[in-house]
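Heads up, the chain below is alone and in the form predicted on its own; it's given as structure tokens.
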Amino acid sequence: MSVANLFFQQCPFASVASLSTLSPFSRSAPSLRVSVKFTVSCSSLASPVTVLDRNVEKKVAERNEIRLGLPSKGRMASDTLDLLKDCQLSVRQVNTRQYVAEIPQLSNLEVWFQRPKDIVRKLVSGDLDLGIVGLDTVTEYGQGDEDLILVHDALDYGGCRLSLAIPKYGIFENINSLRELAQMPQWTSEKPLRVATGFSYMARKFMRENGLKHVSFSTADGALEAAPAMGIADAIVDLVSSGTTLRENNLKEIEGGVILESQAVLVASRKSLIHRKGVLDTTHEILERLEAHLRAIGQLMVTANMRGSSAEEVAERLLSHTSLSGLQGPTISPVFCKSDGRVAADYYAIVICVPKKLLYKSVQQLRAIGGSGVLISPLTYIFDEETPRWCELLSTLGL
């Protein structure tokens, strides 16, 4: 018996697809010629998920170095390195073939380049202390482990969503919501809804919580968008950015079908933060640098001169416009000029921070209340007295 025949006997809901096949959902469905290669394994909604062994005692390894895990390849890897560089935390790698590097500004810290899912697994096992990965990866491979703590949940890159998608044609043509999908009479214990995904844990949990009882899953690596057209699956659960790939493969997202909104996050091991020397202090510094830079990205510093009788009178005019109030209020200082042999303050210099998207509006408002000589400067960092996320972390740790 061939390997293929053996596979399909053991996994009856999967079907063989040729390189050119007509969708099984409707005779009128578009014919798609597909040339793809991916592997599929099967499971049902009722079968257990392969999870990290919760019975293994997760100990903090006996080592002195603090370890930070970073993605080793792809767009997430390059964007992570760029962010750290912008925060004056450039990663120095002696040899690009090596998996270990350093950040000179952070003493006793090792950077380990790993696959994102391995970063999460090694945080749980205690082999890493900190990591930067996508929230989708943390959720899928962390599976609710209480030892994982989100230190920063919005690093502002790697944005995507984990979403359920179904064909636009056949029996799904008029299905536009998760509720409608769940109410379709086609799904039974003998003929479940077949879902192809690389996110079995989240997909299974999502289906169960939303009332889809008769569902089977195939874990696929590769071009998931081709699975429905090939007859291997009825729907897919996959990461979506713009949605272009779905549309080009005659698939659609549906109302209520978004499982998770994801972006890059900084995650840490609770045990490492509490028990390993130096991890908490290093986390504090990384967090402050990240927060200060990310907050500054959306702001510009505006300086202008304004004629006025006093600093208070100038402040009154500025504060009458909420977009000119700055972060905590305007900074106002006298501009001294010499006229008729005497020194007087006829003008006041004002300094405020303005959101980039409101820049032109703010300049117009400044002019309207007597501002002139308006100067615009980019901001690199905005440090608060203390970042709120640090206070939240200490509270989470009970410190």
Ligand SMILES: O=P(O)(O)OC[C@H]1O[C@H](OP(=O)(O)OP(=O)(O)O)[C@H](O)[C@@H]1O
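A residue's number is simply how far along the shown sequence it sits, counting from 1. In this text the structure is predicted, and so the values were computed from the model without any measurement.
Same protein, other form: the form predicted together with this ligand, not shown, and the subject of what follows.
**Student:** Identify the site as open or blocked, taking the pose of this ligand in the model of the complex and overlaying it via the site C-alphas; a blocked site has 3 or more ligand atoms within 2.4 Å of a backbone or C-beta atom of the shown form.
**Tutor:** Open, going by where this ligand lands after superposition on the site C-alphas.
**Student:** Just to confirm, S309 within 4.5 Å of this ligand in the model of the complex by heavy atoms?
**Tutor:** S309: no contact with this ligand in the model of the complex.
**Student:** With the cut-off set at 4.5 Å between non-hydrogen atoms, does N174 touch this ligand in the model of the complex?
**Tutor:** Answer no; every heavy atom of N174 is more than 4.5 Å from this ligand in the model of the complex.
**Student:** Given that this ligand is not shown alongside this chain, does Q328 nevertheless sit within 4.5 Å of it in the model of the complex, heavy atom to heavy atom?
**Tutor:** Judged by the heavy-atom cut-off of 4.5 Å, Q328 is well away from this ligand in the model of the complex.
**Student:** Flag L239 as yes or no: does it have a non-hydrogen atom within 4.5 angstroms of any non-hydrogen atom of this ligand in the model of the complex?
**Tutor:** So L239 counts as contacting this ligand.
**Student:** Sort through 180 to 188, 310 to 318, 243 to 251, 288 to 296 and report the only stretch with a non-hydrogen atom within 4.5 Å of this ligand in the model of the complex.
**Tutor:** Answer to the contact question: 243 to 251.
**Student:** Of V111, A223, V302, I149, which one comes within 4.5 Å of this ligand in the model of the complex, counting heavy atoms only?
**Tutor:** By the 4.5 Å heavy-atom cutoff, the listed residue in contact is A223.
**Student:** Within 4.5 Å, heavy atoms only, which of R97, R92, R75, K277 is in contact with this ligand in the model of the complex?
**Tutor:** Contact check passes for R75.
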